[in-house]
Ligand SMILES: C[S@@+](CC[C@H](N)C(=O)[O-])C[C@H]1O[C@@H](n2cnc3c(N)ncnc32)[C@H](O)[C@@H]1O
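The chain below stands alone, shown as C-alpha cells; this is the form predicted alone.
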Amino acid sequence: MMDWGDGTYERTAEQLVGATEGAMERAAPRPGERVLDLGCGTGNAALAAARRGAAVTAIDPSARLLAVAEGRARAEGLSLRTAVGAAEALPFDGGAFDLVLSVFAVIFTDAPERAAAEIVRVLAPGGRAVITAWHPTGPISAAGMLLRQALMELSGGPPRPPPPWGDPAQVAALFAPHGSRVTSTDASLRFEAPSAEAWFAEQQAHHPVWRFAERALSSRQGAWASLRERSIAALEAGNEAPGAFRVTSGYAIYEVRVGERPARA
C-alpha cells in the first residue's frame, strides 16, 4: 500500500501552488465559512482558505504531511483543525462544511463513487466543492499512464479502467446521483528541469507514487529499468525546450454544486 508520507512530497507541493491559487479563485472562500481541504498534503489549499478567514479542517491519509501542514499554519499564526482519514470514509457529520477543496488529491482514490458520495454528504445544502484533476494528455500524463500500466501488469489482476477525473462527463456522472451539478474550466501548469532524465530522477527520489512503483517493480527483473526508459522517452517526446526540459500539463477545475435538500416529512 502506498504511503503519501513517504519521500518528500513537499517538493511537489511547492510546484502546485499555482493550481491552488486557481482553485481559490473559483472557490472564493468567505470569512467564517466551514472549509474542508480533502487530501491536504502539506496544506497549500488549507492555508490559502485560512488566510481568507475561513474555518478550515484539513484531512489527509498521511500523518506526516498533516504535521507539515500544521507547522506551516503555526508559522503563519493561522488556526487549522486536522484529521487523519481517507476520502472514501470521511469522519465528519453530514452537512459539516460549506466548501470542500481537493487540489490533485481525491483524484487518487480507488473508489471514486464512494468519494463523490462522501463529498456531497459532508456538504451543507447549497454547498460546493472545488476539485482539480489532471487532463489525461501531455508527456507527464503519458509517463503516469506507463507507471499505472506497469503496476497493473505486476499485480496480475484484470485491467482496470482509467480514473474518471480527467473526463468532465464522467465527473458529472459521479455526482449526478446525489443531485449535484458539475461545471468545469481548464487551466495548465508548467514544469521545468535541466533534462527529462533529471525530472524523472526527482520523482524517483522524492515523489511517493514513483518511489512506491520502484519498490514494487524491483521484484521483477528489468521492470523498473524498462519503465524508466519508456517514461523518459515519453517525456522527451513532449519536451518544449530543446537543451533543457519544459512541459505543460493541462488540468480541469471542477465546481460541484449541491442543491437544497428537501425537508424530511
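So that there is no doubt, residue numbering starts at 1 and follows the sequence shown. Everything quoted here is computed from the prediction, not taken from an experiment.
Although not depicted, the form predicted in complex with this ligand is the subject of the following passage.
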{"property": "Candidate stretches 173-181, 160-168, 99-107, 74-82, one within 4.5 Å of this ligand in the predicted complex by heavy atom", "result": "99-107"}
{"property": "Ala133 within 4.5 Å of this ligand in the predicted complex, heavy atoms", "result": "no"}
{"property": "Ala129 within 4.5 Å of this ligand in the predicted complex, heavy atoms", "result": "no"}
{"property": "Contact flag, Pro29 vs this ligand in the predicted complex, heavy atom cut 4.5 Å", "result": "no"}
{"property": "Ala86 within 4.5 Å of this ligand in the predicted complex, heavy atoms", "result": "yes"}
{"property": "Candidate spot Pro139, Leu147 and Phe191, all three touching this ligand in the predicted complex (heavy atom, 4.5 Å)", "result": "no"}
{"property": "Partner-contacting position among Leu65, Leu235, Ala50, Ala213 - heavy atom within 4.5 Å of this ligand in the predicted complex", "result": "Leu65"}
{"property": "Partner-contacting position among Gln203, Ser231, Asn44, Thr57 - heavy atom within 4.5 Å of this ligand in the predicted complex", "result": "Asn44"}
{"property": "In the predicted complex: members of 219-255 within 4.5 Å of this ligand, any heavy atom", "result": "none"}
